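Next up: just one chain, as structure tokens, the form predicted alone.
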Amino acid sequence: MEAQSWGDLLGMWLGVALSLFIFSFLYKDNPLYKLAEHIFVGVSAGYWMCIGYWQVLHPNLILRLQAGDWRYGAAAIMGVMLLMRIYPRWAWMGRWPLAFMVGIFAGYNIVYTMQAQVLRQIEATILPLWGAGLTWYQWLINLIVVGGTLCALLYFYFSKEQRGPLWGRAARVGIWVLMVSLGAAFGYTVMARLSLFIGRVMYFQDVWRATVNFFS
């Protein structure tokens, strides 16, 4: 990262200032944080509006209408009806395209969810526990996956009281399996946030070096 002009250098230090404004929320809520928050939301909204127009609306609707494919006129009409929710008097018109969109996406996501989050996960837990070529390490891993999954499912079976030497212990093992999985997910989230923080710190370092090189 090198500053080619005063404008580039000013933009870099503006990014540093806005980042520090955001980090100031760790102390308490303050006007500097609110300023950076509003700038971020406003710039993000404007940016994604431009992306949505030039990459979605323009090629998929406007260019097709200009090419004479008037089948997309129905989509344009529904889009205008959806925007009528801005006006309270005509807000009822936005319910029809909204219901259409919700129905389409619900039907699509049912199939996607069944394939990606149900069938694939069931397939991933169907592992061999015996057979030729199965090493002790693979057997142990498969046993942990299959047993942990069954214990976690037994914990959510509320039709029978979770007591007894077998049922109660299996339910308690399921609790531990859930705690480990949730802890791993939380640890992954913390690592992702730390990576973002490290990226900001490295940005500060790059800006400082660019400033030194610019004035040297």
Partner chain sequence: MKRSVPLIITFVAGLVMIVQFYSYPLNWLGDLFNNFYNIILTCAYVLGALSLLVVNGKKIYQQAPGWGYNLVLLLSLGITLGVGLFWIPTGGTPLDEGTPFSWIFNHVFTPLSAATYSLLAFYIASASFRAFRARSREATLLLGSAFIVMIFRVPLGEYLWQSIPWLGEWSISAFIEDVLLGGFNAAGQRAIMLGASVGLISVSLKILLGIERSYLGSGE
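Positions refer to the first chain, counted from 1. C-alpha atoms forming the largest set that superposes within 1.5 Å between two forms make up the rigid core. It should be emphasised that the depicted structure is a prediction, and the values quoted were computed from it without experimental measurement.
Not pictured, yet referred to below: the form predicted in complex with the partner chain.
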Check: Is there any non-hydrogen atom of Q121 lying within 4.5 Å of the partner chain in the model of the complex?
Finding: yes
Check: How about L134: is it within 4.5 Å of the partner chain in the model of the complex, going by heavy atoms?
Finding: no
Check: Is Y157 a contact residue for the partner chain in the model of the complex, using a 4.5 Å heavy atom cut-off?
Finding: no
Check: Quick one: is W139 in contact with the partner chain in the model of the complex, heavy atoms, 4.5 Å cut-off?
Finding: no
Notebook entry, point to check: Along 80-110, which positions have a non-hydrogen atom within 4.5 Å of the partner chain in the model of the complex?
Noted result: L82, L83, R85, I86, W92, R95, W96, P97, L98, A99, F100, M101, V102, G103, I104, F105, A106, G107, Y108, N109, I110
Check: Would you say I198 moves its Cα by 2 Å or more between this form and the one not shown, aligning on the core?
Finding: no
Next item on the list: With both forms fitted on the core, give yes or no for whether the Cα of V111 moves by 2 angstroms or more between this form and the one not shown.
Entry: yes
